[in-house]
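One chain comes next, on its own, written as C-alpha cells: the form predicted on its own.
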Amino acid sequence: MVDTSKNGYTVVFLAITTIVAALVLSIASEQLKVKQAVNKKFDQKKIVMKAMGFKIDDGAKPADIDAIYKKSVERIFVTPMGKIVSVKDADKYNFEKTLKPVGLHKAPVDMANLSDAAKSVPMPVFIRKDEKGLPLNYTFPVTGKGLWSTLYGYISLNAKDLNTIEGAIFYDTGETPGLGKEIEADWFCKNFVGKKILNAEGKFVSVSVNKGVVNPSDKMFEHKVDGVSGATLTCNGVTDLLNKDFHLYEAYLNSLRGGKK
C-alpha cells in the first residue's frame, strides 16, 4: 500500500491534480473560443442584415439567418481605387485591423496621396439582392474614433441612386452610457434613413451629425441628422468616420454610377 502520510505522496498528488485541472480548463477554453467565434460571426451577419433593412427577430436561429444571408446577400471586396479583389480566408479577414498600418483609420484621409499599401487594402461591400439577383442596396462598414473608444457601424445605400441612405447601425461602442452610447439607439440610427450623401449637383457632401435637432429649413437638411445632447465629441467622431469611409468607397461608387460624380 502507498503510504499517504509521506510528503512525497502529497506533492505527487497535488502535481497530478494541477495537471488534470489545467488540461480540463484548457480544453474548456478552446471550446469556448470556438463557440464565441461562431456567435460573433452570427451577430455580425445580423448587424449587416439589419442595416440592409431585413427584419431580424432577436430569437432568430443561426440556421435561419444563414439561409436568408446565403440567398439574399453577396459580399465582395474592393480597394480604395475601386478595383474588385479577392481575399483569401475572407471569413477571417479583419478589415478594421488593416486600416491603421496604412493610415486609413482616422479622418481626414488624403485620397490624392495614398500609399501603395493603402491603395490595395481590401474593403468589404455587402450587396442585398432581390429574387432576380438584382441589387437592392449596398452596405459598407464604417469605423473611426469617438470620445473614449473606436466606433463601428454599417451604412446602407439605395442601389438605384447610390445616394439615399436606407439603413444605419452603430454597435459595440465604449462611449458613455446615456450620452455617446446613444449612437447605438434606434432613434439615432433611424435618423439617417432618407438622408443623402450627394447634393443636387451630384457632388459628394456626406452626412454630418448636427449639434442638436436639425432645422427643416436648413439648406443642408438632407445631409444632417439630429445629434445626441451632451455627446458632441462622439457625434463629431460619427461625422468624421462617415466622411472618411465614404471617401474610401468613392471610386467604387463612382464606377457603379457609370463614372459620374
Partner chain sequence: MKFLANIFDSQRKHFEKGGKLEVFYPLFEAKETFLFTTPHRTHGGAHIRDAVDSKRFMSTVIVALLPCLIFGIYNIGYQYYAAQGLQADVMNYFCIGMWKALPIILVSYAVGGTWELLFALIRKHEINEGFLVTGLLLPLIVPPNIPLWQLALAVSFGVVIGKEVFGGTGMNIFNPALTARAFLFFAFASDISGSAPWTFLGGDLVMSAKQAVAGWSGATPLAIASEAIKGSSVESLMAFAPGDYSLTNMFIGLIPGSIGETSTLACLVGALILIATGIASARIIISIFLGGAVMGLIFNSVADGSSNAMLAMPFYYHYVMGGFAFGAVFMATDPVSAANTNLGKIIYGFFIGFIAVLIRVVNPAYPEGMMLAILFMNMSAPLIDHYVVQAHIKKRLSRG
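Positions refer to the first chain, counted from 1. Please read all numbers here as calculations on a predicted model, not as lab measurements.
The same protein has a further form, the form predicted in complex with its partner chain, not shown here; the description that follows concerns it.
Residues of just one listed stretch (64-72, 225-233, 190-198, 48-56) have heavy atoms within 4.5 Å of its partner chain in the model of the complex: 225-233. The candidate site formed by 97, 123 and 151 is entirely out of contact with its partner chain in the model of the complex, as no residue has a non-hydrogen atom within 4.5 angstroms of it. In summary, among the residues 159, 114, 179, 107, the only one with a non-hydrogen atom within 4.5 Å of its partner chain in the model of the complex is 179. A heavy atom within 4.5 Å of its partner chain in the model of the complex is found for exactly one of 136, 81, 76, 147: 147. Contact residues in stretch 196-227 (any heavy atom within 4.5 Å of its partner chain, taken in the model of the complex) are limited to 211.
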